[in-house]
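Only one chain is given next, in structure tokens, and it is the form predicted on its own.
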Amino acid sequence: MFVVTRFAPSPTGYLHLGHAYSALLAHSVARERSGRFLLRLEDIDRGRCRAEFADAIEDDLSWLGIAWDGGVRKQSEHFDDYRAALARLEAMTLIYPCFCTRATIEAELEAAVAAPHDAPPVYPGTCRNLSDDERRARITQGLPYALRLDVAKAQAKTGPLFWEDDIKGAVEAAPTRHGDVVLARKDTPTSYHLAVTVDDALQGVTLVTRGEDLFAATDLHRLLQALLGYPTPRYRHHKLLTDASGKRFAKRDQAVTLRGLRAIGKTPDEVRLMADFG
């Protein structure tokens, strides 16, 4: 069956062996099925994303022998797409402003633009039931706020939802366990959850390959797909590579990077073996 897969890293650091495994897996599935393999840069975190990392991602993938189809979609160039999707959700009265403490808002806004590899605390719904007058008054005062999705109201609108994982089979979505997630903020009209859902739909992705640490996030993506009338791709949440101590590779832990391995003379074939893809 023809598939469209994608590799969608954030250019906040250099690729490591875990990235190599994910990219190689998605690329191989696409090529085995005469499909398409797309490269997308999830660069909405304008405070941490760097052009040098974006360039390095393309360079490292090419060095590994991975070729992508078409141009590279950069999320920072498509904010209008996310604004349009957000406007549709607002028209359904599923979005509300949240004015919780500055520290709370700033911490969650910072986390909202990145893939949620670790489950954040569930928001208790403090601002969900503010009156329209109170919301307008606080916005007029210039108070900072985030835009949240009323997840329970949204799921009541869609009813039960399911999605298919190539490894675990049929999965019933449980988006309410995540609470009312942030979908946008004043200076960035999207979050990871909204952007990735819109992108996969617009790019015609039919198989999402990504790490098992993002398995739970699919609940929210399935909910947004149903609300926005998007098709639902299949998913393959693959294993995470770990180091000798059993710790998973991650940019924030300064894991072994492809750039570093290249610098000490490793060949693409050797790195493919190290990434469990020889």
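Position 1 is the first residue in the sequence shown; the rest follow in order. Keep in mind the model is a prediction, meaning the values are calculated, not measured.
This next part talks about the form predicted in complex with glutamic acid, which is not shown.
Inset, instruction - Have a look at A85, V151, V196, V182 for me and say which one sits with a heavy atom within 4.5 Å of glutamic acid in the predicted bound form. - result: Contact with glutamic acid in the predicted bound form is made by V196 alone.
Inset, instruction - Tell me, out of L214, L227, L61, A54, which residue has a non-hydrogen atom within 4.5 angstroms of glutamic acid in the predicted bound form. - result: Selected residue: L214.
Legend entry - 4.5 angstroms heavy atom contact with glutamic acid in the predicted bound form for D45: It does not: once glutamic acid is placed as it appears in the predicted bound form, D45 has no heavy atom within 4.5 Å of it.
Legend entry - Distance check, G18 to glutamic acid in the predicted bound form, heavy atom within 4.5 Å: Output for G18 is no: heavy atoms all beyond 4.5 Å of glutamic acid.
Inset, instruction - May I ask you to check whether R210 falls inside a 4.5 Å heavy atom distance of glutamic acid in the predicted bound form? - result: Looking in the predicted bound form, residue contacts with glutamic acid include R210, since a heavy atom lies within 4.5 Å.
Legend entry - Any non-hydrogen atom of T257 within 4.5 angstroms of glutamic acid in the predicted bound form: No, T257 sits far enough from glutamic acid in the predicted bound form that none of its heavy atoms falls within 4.5 Å.
Inset, instruction - From the candidate stretches 188-196, 161-169, 125-133, 86-94, select the single one in contact with glutamic acid in the predicted bound form, where contact means a heavy atom within 4.5 Å. - result: The contacting stretch is 188-196.
Legend entry - in the predicted bound form, residues of 1-30 near glutamic acid [heavy atom within 4.5 Å]: Sequence-ordered list: R6, A8, P9, S10.
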